[in-house]
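Take a look at this one chain, the form predicted alone, written out in structure tokens.
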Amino acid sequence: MRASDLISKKRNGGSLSREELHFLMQGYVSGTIPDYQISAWLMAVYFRGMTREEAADLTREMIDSGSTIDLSGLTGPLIDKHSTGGVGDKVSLILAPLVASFGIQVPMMSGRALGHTGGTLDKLESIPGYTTALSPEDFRRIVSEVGFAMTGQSETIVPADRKLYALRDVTATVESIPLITTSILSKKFAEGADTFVFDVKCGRGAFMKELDQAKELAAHLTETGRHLGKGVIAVITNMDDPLGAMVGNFLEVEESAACLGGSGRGGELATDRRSEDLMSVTLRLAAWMLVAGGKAKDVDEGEAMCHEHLGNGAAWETFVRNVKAQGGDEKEFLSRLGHYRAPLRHAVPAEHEGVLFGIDAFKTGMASVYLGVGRNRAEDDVLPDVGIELLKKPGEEVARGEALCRIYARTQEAVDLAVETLDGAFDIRTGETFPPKTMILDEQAEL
């Protein structure tokens, strides 16, 4: 086989066999097929798509490109959640310890910043000393001892996806439904969970802009997951506006700590109205995990149970135990809450009075990338202390000149780029009634 022939076959609308996909993935991982040829194939897939069978075969080949984590023998149930990516999406940081506090084991393999969206691993690694580079043995041990563990793709676990993930980010091929499906499922299957809850984001800040697109992705995930023998739940959630109050790495850790009940344990934090949309999504996803794990009879009971564990400190204590188990410096972490910010601060004022109808999540995400929350190039580092704090949320009245958000940056150039990118991001209207926004758009469950 020749890579160029397979690229042209896909470019012309053909479907690649499992043998052909094996050739591409093994060649890419081993280095015999270069980035530029895989980039061409990714673009061909972006425009031509994949059949369901082709996507399933690619998922298997990506899993088989390396080793998998053996979690057999753990008490379980083993349930994980994965998001398709959003702005201000720190749901995993709250959900994993919350669900684990009920005795459900959550093995979570997450990703880094991709496109305009942040990465769970980048956020966690903003905690001093915290490592997501866990060996399979340490991953298994921490899941067993704490209830959840957060890891990334190592050199040996799903190496094909690890390389493709970074390449998609810089070749404008992120939004392909087959590529998103295979990327998500290869990681999920490699980590050893039995059931998966997928948070499929929909809206201007998501990779799926329209509800029909999101439903298509949800169907791809549930059908492929069922085909491979796993229980699957897909919840489509609203991503028109950034989730919560913070967009940044440590900023989002800080908001997560507040939502987990960490107020007064090292910082002057308190959850407020700005986190209501975030918690609406988090509680529904966590409730589905409790249903899947046999802890709740339905999502209403599951949400009520979650409120209890947020209030009594069980979820927060589980989070802190994980921080210590994954190498984090608990004392330094707690001392940073409420204080760890980049040195330059800039407030963005409202141009006129009115009601804030929306905040463009895509523009907010891109502004955060320019600050250093994400990556412009695959080799870029992310910065832990930069980001955007939203001071106003949709539905609130604002006065002319009132601060809508605050930018935290390390350079004036970054501030200027962020301000330019945020131009037009805040939709302020007068004389119109604000329509309440629904966060849960659709749900599909196959258990």
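All values reported here derive from a predicted model rather than from experimental measurement. Note that residue numbering follows the sequence shown and begins at 1.
The next section is about a form of this same protein that is not shown, the form predicted in complex with uracil.
The partner is not drawn, yet in the predicted complex one stretch among 347 to 355, 274 to 282, 314 to 322, 182 to 190 has residues with heavy atoms inside 4.5 Å of uracil: 182 to 190.
Interface residue among 333, 139, 362, 165 relative to uracil in the predicted complex, by the heavy atom within 4.5 Å criterion: 165.
Checking 220, 309, 116, 82 for any heavy atom within 4.5 Å of uracil in the predicted complex turns up a single hit: 82.
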